[in-house]
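One chain is shown next in structure tokens, namely the form predicted on its own.
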Amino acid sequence: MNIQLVNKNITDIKADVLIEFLTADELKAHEKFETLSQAGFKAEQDSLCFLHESGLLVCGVESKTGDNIRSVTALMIKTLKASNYTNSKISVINKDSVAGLVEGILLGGYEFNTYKSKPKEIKLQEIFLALNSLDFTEIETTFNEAIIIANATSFTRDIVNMAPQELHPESFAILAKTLADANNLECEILDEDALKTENMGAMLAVGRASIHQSQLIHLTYKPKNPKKIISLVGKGLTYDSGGLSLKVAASMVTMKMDKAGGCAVLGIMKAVSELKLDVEIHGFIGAVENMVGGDAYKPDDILIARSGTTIEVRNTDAEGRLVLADVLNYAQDKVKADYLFDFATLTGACVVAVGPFTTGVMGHSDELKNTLFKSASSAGELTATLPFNKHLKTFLKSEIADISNVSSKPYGGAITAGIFLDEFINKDMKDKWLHFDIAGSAYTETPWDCNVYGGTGAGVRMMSAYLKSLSL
């Protein structure tokens, strides 16, 4: 499906279907919409009315903000794809609506059909966005950036949705190399021998029972005169069985999504390199598979992390934080960054705390958190802060090691996981680091907004917006 930005009035474009956005007030104010009223259409947010005889598809919006446009456009595109129409046209309302239109069309219309023996045939081929009297140069820039970010989000979704027998740590590394070659990125891969040399005892323990070797992926985007240096770290658990602390069968389904943090880092690297931002970006991914076997790491094991910190294992299903502990430590030694952000489907407790649509954000700097909240909001992603406190930290106390990998109490699990990671953040980076728990927002089995079944690409739009703001 092709989206074209056309520097014409909408009346000068020939298409099968005209798309219009209406508020309830607009519906009431004009007699020409009487047919819609007779059809029972009230122009409520995310409502549709298709007048086939007139070639008109009307979308109800509460107001014409980017969020509302994106949400109803995602429903609109599904309706069009289910029809036999080959093209349609839409008037661009203003510059602020462009990203909403593009994301609604590309992300709301996204389908993952890789494993379908007979993918559905879609007759819809083109959607024309008519500028009417708007400034073409200004809108074109916004349009092109929105296309890049939406495609990077879809790329991320594709990787998250890949089956675990196809995307394992070694093939994850190959995928990263392929992206690096295509987008002119630097790429370094640390295999298990290199991980042993780096003394990454925590990360190696998690992947020990897998037939696939764990990999640490380091991608780099370097513009000529970067304004900032940013390190991104992603949890890349290509599959998480829970290890010897085995998940129940129902919880094991969808565990291919435990690599979503690492996938988001790849998607962000793709977006940044194509947007050609003046920010140097380092992406680190700990690609590991947590399996069961005779050599699997065990509850009661004592692991020695790269930092030298000793960790008492009380639950092998709290494995992501062990991988991140070593990767975060390595990333800080490897790159002296201005900011450090990690992305991980870390805890089910985060979903309980903030719901399945929202990313939990943790860190010490309120100023940095507020800046990221603004970027997330402008990009259409939902975030909420989860506060650290010294009392929850006591739950991670170990009597026989420096720290336990899980809390001794069943409370505040998302926060205690974040506090565990904080133990591996250097003092000079404490106020420059944020942890994003995307356990709820990275994958959905119920479509919402522009997200369809499967991976959502959480983190890509938010971080792209933030990194764009740094390059201005």
Ligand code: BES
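Numbers follow the displayed sequence, beginning with 1. Keep in mind the model is a prediction, meaning the values are calculated, not measured.
As for the form predicted in complex with the ligand, it is not shown, yet the points below apply to it.
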item	value
is_contact(residue 346, the ligand) in the predicted bound form, heavy atom dist at most 4.5 Å	yes
Residue 421 within 4.5 Å of the ligand in the predicted bound form, heavy atoms	no
The ligand contact at residue 235 in the predicted bound form, heavy atom, 4.5 Å	yes
Non-hydrogen atom contact residue 317 with the ligand in the predicted bound form at 4.5 angstroms	yes
Segment assignment from 182 to 190, 328 to 336, 133 to 141, 256 to 264: heavy atom within 4.5 Å of the ligand in the predicted bound form	256 to 264
Interface residue in the predicted bound form among 342, 381, 240, 103, criterion: non-hydrogen atom within 4.5 angstroms of the ligand	240
The single option of 57, 406, 43, 415 touching the ligand in the predicted bound form, heavy atom within 4.5 Å	406
